[in-house]
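This document opens with one chain alone, in structure tokens, the form predicted alone.
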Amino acid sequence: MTDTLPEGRRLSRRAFLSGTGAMIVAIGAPRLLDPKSAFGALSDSQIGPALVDPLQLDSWIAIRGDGTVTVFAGKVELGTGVMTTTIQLVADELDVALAKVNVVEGDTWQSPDQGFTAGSQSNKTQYALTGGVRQAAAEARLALLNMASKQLGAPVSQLTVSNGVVSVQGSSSTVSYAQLIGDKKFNLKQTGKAVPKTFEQYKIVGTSVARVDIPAKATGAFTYTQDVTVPGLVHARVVRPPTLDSQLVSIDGWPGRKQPAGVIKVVYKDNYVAVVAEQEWQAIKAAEALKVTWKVVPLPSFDDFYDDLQNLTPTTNRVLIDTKDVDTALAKAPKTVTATYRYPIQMHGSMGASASTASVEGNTATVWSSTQGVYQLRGAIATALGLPAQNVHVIYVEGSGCYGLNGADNVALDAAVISQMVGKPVRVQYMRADEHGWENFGQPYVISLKGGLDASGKVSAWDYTAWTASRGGRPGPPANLASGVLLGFPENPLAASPPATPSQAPNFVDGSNSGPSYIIPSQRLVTHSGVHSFMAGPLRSPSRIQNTFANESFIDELAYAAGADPVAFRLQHLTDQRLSDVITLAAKMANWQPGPAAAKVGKGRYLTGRGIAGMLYEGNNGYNAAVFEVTVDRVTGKVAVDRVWSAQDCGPALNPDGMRAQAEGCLMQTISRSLIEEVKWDPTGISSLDWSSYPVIRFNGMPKTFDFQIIDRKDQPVWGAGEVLITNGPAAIANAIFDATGVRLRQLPFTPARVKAALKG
């Protein structure tokens, strides 16, 4: 351990905290954050709220003296456009201009706890009739109209609102929202009596409003979490072991040389080691040179991984569906099909490596993070620091490229723990190897399916068994994150297997898309989940993309066995009209030519085929169907996606351009994950540590044509659009490869080597 240098200037956290949450998340905020520009100083004894009461109207909406409206949202902007649709909603409900609405997002001292921003739940939550921003805005409108009614002496029924000004019909009497309550509190509980406008009544919702965050991002004026800086800030780098379960033996400093310039301290706890320095580059070089000895616990065999996955012990075993007659139905079936699908470990691979800044002062802490859940991260950090949760202030600042549990939470835990150890505000900036090697990866799967066809060619039996593994997850216990494991916090034990009683009815699409979307009389669904050596966490469409790959590939295999057209075969087994509608529309868009798959396999070098996949996401969060057209190079094995047609139904279309943008992002990522993405390792650690060893798709890998159509259902609840198209990609591409070549690929990614080997086989 080295001696701590004199502290110098310290961040005065209390002079900073009461106002800067809003400043940081404001679009186009300055890059250098001035801690003295607070709205008001807190007393030394004042600690943040344990809970921002969601029943209080002031927890959601504030009217400022200049007529602007501030919305306090528990959901945050991850690049999906949710802040834009939130602003559209509030502007419409309150009848104010878009430019008058601002959002404070993800602040444990200012915004309600709306859980994680994940799973395509944000718009679904904010636009719900209860419990979100839509309800709060309607309550605020009702309260403002009641105030105006008293002041203007007219009943609410005779009042109209335009641009935040209330008028009496047939009269010149007016009063503005600012005049009614500007810079004051409502001091009201939500009544539940306010009725939000219908989607037919909205004028801004449903239109393609431009993203409010893009101008500042395009000009470089936007403040990302990587940009946060405060006075007295020092920098740290974590010195990580070769593998997660390796054990620290010794820290031997810098043998044969002096302590590197700028180093303040080497900190450690259990198997966690970090170097703190005055400047970032000093921390980088010192961490690289620090001699640390580890007892390495090797990772399992990469080549035997899928076999090992099926042999993990113990496992949590769940029976999701069991009609008790599957074995009999399979035995009676004139035709049966058996297939096993393998889905690899993949990573989030955020383009910008994660960063966080934290300041721990005595019994309080402030953390700036691009987390998807400020309250949940607050809990993990509070446990790690030994502080009450309300003493930890987590402020959301947008990061780069987040669509699941990337390194944002882990780096925030790093910054907070190191700040407490060194007694200074600390910034931790990951490098590419940190981001790639130490995130919570997506879950691998092996899914075995058996199906039977009756004499009429319909599916009579469906037998699904899945094996997967995970470790850790979203913040809660610190050990859900890699740094928490290294710090020695206890990991959650494997859940016990529940009684072998089905948890859902047959023909029901569950939250993980385990069950098929199709009506099949005899079904059995069983899952086995264990613990492996890799941290795991939600990666865009977690479990849904893996299950849909298997299910939509298998329904295609059954259609082929029945000699049926893949589109007609799907529709024949559906009673869900909305799913039928997106499948029918996607096929029409693609000018689908009916007939069995692989009916016209060519003999040249380049073979072209089409495949379809369709599903209801999570059972209640969006319909999508997609047709992919691919070209397969028989010589090299390379697969190119040439054209894609997709139809989508997520209830009301809140922002059509925004939904298309989400679909384009889904398309790019699903092609990448289907064709090239796979985490690799050897016994000494993860080897996919850069963009060469873990390549992702480039823009030149996108299809030449993408035709996307929205079914706008204003009479239905709002559902999510961020994870629907991506979920269909792997199966649709696999089905297209089969149509082109007559060869079925059942293991992702469909790399040239894997395709070439399958064609030879």
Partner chain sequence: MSKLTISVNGKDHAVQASPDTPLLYVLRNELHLHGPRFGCGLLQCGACTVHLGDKAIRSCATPVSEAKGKPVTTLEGLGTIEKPHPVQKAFIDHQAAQCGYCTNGMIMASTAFLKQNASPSEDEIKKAMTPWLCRCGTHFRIVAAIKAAAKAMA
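Positions refer to the first chain, counted from 1. All values reported here derive from a predicted model rather than from experimental measurement.
Omitted here: the form predicted together with its partner chain. The next part is about that form.
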{"property": "One residue of Leu290, Val101, Leu78, Ile181 in contact with its partner chain, assessed in the predicted complex (non-hydrogen atom, 4.5 angstroms)", "result": "Leu78"}
{"property": "Ile711, Met702, Leu55, Leu51 - the one with a heavy atom within 4.5 Å of its partner chain in the predicted complex", "result": "Met702"}
{"property": "Stretch from 184-192, 447-455, 78-86, 606-614 whose residues place a heavy atom within 4.5 Å of its partner chain in the predicted complex", "result": "78-86"}
{"property": "Residue contact check: Thr174 to its partner chain in the predicted complex, 4.5 Å heavy atom", "result": "no"}
{"property": "Any non-hydrogen atom of Val601 within 4.5 angstroms of its partner chain in the predicted complex", "result": "no"}
{"property": "Contact of Ile697 with its partner chain in the predicted complex (heavy atom, 4.5 Å)", "result": "yes"}
{"property": "Heavy atom of Glu677 within 4.5 Å of its partner chain in the predicted complex", "result": "yes"}
{"property": "Residues within stretch 671-692 having a non-hydrogen atom within 4.5 Å of its partner chain in the predicted complex", "result": "Ser672, Glu677, Asp690, Trp691, Ser692"}
